[in-house]
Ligand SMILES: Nc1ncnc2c1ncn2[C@@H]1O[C@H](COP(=O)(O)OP(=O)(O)OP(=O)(O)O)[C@@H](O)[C@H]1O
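Just the one chain here, laid out as structure tokens, in the form predicted alone.
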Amino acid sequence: MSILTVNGLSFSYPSLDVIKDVSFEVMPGEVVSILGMNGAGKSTLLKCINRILKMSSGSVAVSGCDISSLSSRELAQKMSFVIQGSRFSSTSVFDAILLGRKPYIEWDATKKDFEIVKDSICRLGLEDYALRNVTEMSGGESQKVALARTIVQQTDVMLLDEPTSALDLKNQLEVMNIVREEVRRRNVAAVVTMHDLNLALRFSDKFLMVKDRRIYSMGGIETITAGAIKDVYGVDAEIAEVGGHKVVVPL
């Protein structure tokens, strides 16, 4: 059974269609990358899935529940979202991450909440920053704090909008390894918008390519072909294999 089902989702502004009739399913244990050019509607799609934007038509279900039937708290227990270029108010890194436990806290944070936060801080290598004010951190460090907060939220579906955009190569690999590890460990799912095709190829199970505000293709690594890249990005490329990984080489 799918953990996320998107059926006929469309979104438009008064004078512009942004997403048209998008349907797809994500299974437990999968990392799905949404690929496409700037302006293709990738971020808008994530915001509609998470009910930040109200879709014009269609439906979204997470773990069998239509999101329109869920309260904000119930939705936050099932689905989390890391926005591109996450910003935080003035607080410590520890407290910023603890906010991810808010959907579960009744009166005050428990020992379990604190342990979950400590674990995520260690996994993201943020131990030395736990008491630092998050507003004093670099963009890349803040992005890791945002991911840590999503991990402690322990949702069935994680929506990640360009989670590696502000990170150097080492931290890109580290963060995506953690995302994939979390998905496998809890048998949940992650839907990630990506610009780096090679990073997507390395860590994703499925690929949803968007063109002209519609789905161009959806499937496994076999869907990432030279022809698809030419159609979607307008770039000639070759698909090669390096170190056991498929890579896209622009020509």
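Residues carry their position along the shown sequence, with the first being 1. Worth saying up front: this structure is predicted, and the values here are computed from it rather than measured.
One more form of this protein should be noted, the form predicted in complex with this ligand, which is absent from this view; the next part is about it.
K.L.:
For residue 162, is any heavy atom within 4.5 Å of this ligand in the model of the complex, or not?
P.N.:
Within the cut-off, so yes.
K.L.:
Examine residue 218 and determine whether its closest non-hydrogen atom to this ligand in the model of the complex is within 4.5 angstroms.
P.N.:
Contact with this ligand, no.
K.L.:
Residue-level question: is residue 242 within 4.5 Å of this ligand in the model of the complex, judged on heavy atoms?
P.N.:
No, residue 242 is distant from the partner.
K.L.:
With a cut-off of 4.5 Å between heavy atoms, is residue 64 one of the residues that contacts this ligand in the model of the complex?
P.N.:
Looking in the model of the complex, residue contacts with this ligand do not include residue 64, since no heavy atom lies within 4.5 Å.
K.L.:
Using a 4.5 Å heavy atom cut-off, which stretch among 222-230, 200-208, 40-48, 182-190 contacts this ligand in the model of the complex?
P.N.:
Only one stretch passes the 4.5 Å heavy-atom test: 40-48.
K.L.:
Find the only residue in 84, 172, 92, 77 having a heavy atom within 4.5 Å of this ligand in the model of the complex.
P.N.:
Exactly one listed residue reaches within 4.5 Å, namely 84.
K.L.:
Counting only heavy atoms, which residues in 6-32 are within 4.5 Å of this ligand in the model of the complex?
P.N.:
Contacts from 6-32: 13, 16, 18.
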